[in-house]
Each structure stands twice: as structure tokens, then as C-alpha cells.
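One chain comes next, on its own, written out as C-alpha cells in the form predicted on its own.
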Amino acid sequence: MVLNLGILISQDGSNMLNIVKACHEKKIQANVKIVISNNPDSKGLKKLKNFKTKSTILLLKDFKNKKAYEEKINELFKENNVNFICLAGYMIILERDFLEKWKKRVINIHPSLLPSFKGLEPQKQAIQKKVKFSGCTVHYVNDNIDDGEIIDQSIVKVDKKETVESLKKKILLEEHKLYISVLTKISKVLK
């Protein structure tokens, strides 16, 4: 099945751009139908201008409540024939009602080996705990932070002199590979 992706971002969007490039280069059976950001200053949206990919900005403050905000996201995804959602640095927790509409069709990538180091600054948490290995996890999204069923993980070695920044870079390289690998597998099994 060809995945028609809707991507939600808040920040730099490097995973989003990686997915867009993989689609353009036919590395995965997918099309990015629309990218939605909740941040008008998202660097990812600026970089996206190099591709012919539809994008829009939706600000939570412009809606009467989160439910109305998520209804608009859902509406945009339906209008653009989206059948699968990728979170790529999206910093808003999706509500249960939204996720029920998209059951087993919303995934996220997190820069730690879940269930370890959920939430913000997982690389810093890993350094502080002096772990020997860290990595990234792609998981289905539920209404708890970084808690959904794990789909796949990729491991990196944490060197003794590792810094938060060097670990972020190391993990990000793995994130880019892992997200594409997971989407490739999903495209083959999703009906």
C-alpha cells in the first residue's frame, strides 16, 4: 500500500525532510501529502520550500480549545487523503479522541531507547545516568508521553567523553535511517 503521509512538526524538521526526500527519491512507497506545524518559526517549514510539498501552520491559540485544533488537523488530513501520520519533533501531546480516529496510524520517533528517558532532553538524561548505550525508538502514539507500543529501535554506543551535543548528532543519524526503515515495513503490511 502506498502511504499518504501527514507529518506534524514543531522544530527543525530534519526527520520530516528526510521522509520527504525518501519519498521524492522513491526509497519508500509513500507520498507526503501535507506537513502541519504549530510553530510559525519552524526551520523545517523554511527548508520544505525546496520541495513541492503542501504545508500549513496551525496555532493552538487560534482555536477555542485543543479539541477544535485537533479537529482542524483531522479535517486537513482527510482533505489531503492522508492515511498515516508521522510525528517528527511535534511538541504537542495528541488527545485520545484524535488518536482513536487514527488508531495504529500515528507514529513518533524519540531519541532514546524507550522506555528509558521519556519526555524532554533524553540525551541529557542518558549522559547524566552514564549509560553505555542509547539510541532511538519509533513507536505508535498513545495519549501518554513516549509510551506507545514500540515498533523498532536503533542503538548507539555512548563514549566516555560523550557530550549531549555529540550524542544528539549520533542519535539523529540513526533516527533518519530508522524512520525510513519503519515506514518501508509499514507500507508493506498496512492494508
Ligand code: GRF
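Sequential numbering from 1, following the sequence displayed. Just so we're clear, the structure is a prediction, and the values are computed from it rather than from any experiment.
This protein has a second form, the form predicted in complex with this ligand, left out of what is shown; the following refers to that one.
Put simply, of 88, 113, 73, 106 only one has a heavy atom within 4.5 Å of this ligand in the predicted bound form, and it is 88.
Interface residue remark: residue 182 is not counted as part of the site for this ligand in the predicted bound form, having no heavy atom within 4.5 Å. In the predicted bound form, this ligand lies within 4.5 Å of some heavy atom of residue 172. Residues 11, 12, 13, 14, 15 are the members of 1-15 with a non-hydrogen atom no more than 4.5 angstroms from this ligand in the predicted bound form.
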